[in-house]
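Let's start with one chain on its own, the form predicted alone, as structure tokens.
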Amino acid sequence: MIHTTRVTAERIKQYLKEGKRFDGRKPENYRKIEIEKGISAHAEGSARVKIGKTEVIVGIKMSVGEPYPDSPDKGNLITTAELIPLSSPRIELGPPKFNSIEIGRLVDRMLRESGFIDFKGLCIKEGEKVWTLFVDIYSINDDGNLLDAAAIGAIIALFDTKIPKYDEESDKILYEEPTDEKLPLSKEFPLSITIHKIGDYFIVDPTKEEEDISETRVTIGGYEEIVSSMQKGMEKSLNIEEMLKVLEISKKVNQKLRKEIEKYI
């Protein structure tokens, strides 16, 4: 259901015709990004990310278990997102809805397909014991673009993570004995760039009002030159020329955003 008024929608479209946004930004600019890591004393890694008024918290927990049958020498990854009702009047209590499931899956795919995590480095004993990474995403305030905020939060939280001490003899994790061992991660990190189409114009980092009138979107995960994951959302299709434009924007924005995120790694 669209919550943005017709008057606001028309003003957003008029501003785009003039090459700017309702809040003064250019179409390919993000809002102000604020990042804080190590915010939880009970998680192996954590981060808070704010993009404008949108805010998410990401926590990393680790456990030891059996590997999947098709990857006996690799650790596991489980990514979930919980959209909390206090973050938006549009979010209701109850089982996870499509939006939260989609955010979890897209962030998981970005992490998994990018090669950012060395899953073999999470193997303790092949075929028997591996580390499982739990990436938990929580919305604090939803003013648009939760997906990209969640992806940034996951990257920062993973860089912040320290592997707890594991005693193989007792098969117990010794949380009371902290370590400085980091996760096996690539120095280069992927990003999620979600591009929305409103009329004839493409924008990134939409506010909630802009999301409401978006006709279609494409989320691209990966690096400056490499696309590792991609998903189109919403019903309206894109032609080849428009997809090429989306890829061009994604590359440019990825390069610019990366420089800002690197300060917190």
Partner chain sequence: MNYLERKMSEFKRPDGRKVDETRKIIAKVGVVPNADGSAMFAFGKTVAIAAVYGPKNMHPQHEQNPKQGTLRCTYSMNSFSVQDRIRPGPSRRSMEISEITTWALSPVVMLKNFPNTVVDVHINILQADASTRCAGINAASMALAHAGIPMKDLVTSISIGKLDKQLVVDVNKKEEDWEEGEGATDIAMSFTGSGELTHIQLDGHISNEELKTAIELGRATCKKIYEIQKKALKEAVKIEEEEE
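Positions refer to the first chain, counted from 1. For clarity, every value in this text was computed on a predicted model and none was experimentally measured.
Although it is not shown, the form predicted in complex with the partner chain is what the next lines describe.
- Though the partner chain is absent from this view, in the predicted complex it lies within 4.5 Å of a heavy atom of just one residue from Glu181, Glu82, Asp167, Asp73, which is Glu82.
- At the 4.5 Å threshold, heavy atoms of Pro206 stay clear of the partner chain in the predicted complex, well away from it.
- Residue contact check for Asp108: none of its heavy atoms lie within 4.5 Å of the partner chain in the predicted complex.
- Taking the partner from the other structure, the partner chain in the predicted complex has a heavy atom within 4.5 Å of a heavy atom of Val58.
- The shortest heavy atom separation between Lys26 and the partner chain in the predicted complex exceeds 4.5 Å.
- Residues with any non-hydrogen atom within 4.5 angstroms of the partner chain in the predicted complex fall in just one of 113-121, 129-137, 99-107, 187-195: 129-137.
- Scanning 18-42 for heavy atoms within 4.5 Å of the partner chain in the predicted complex gives Ile39, Ser40, Ala41, His42 in sequence order.
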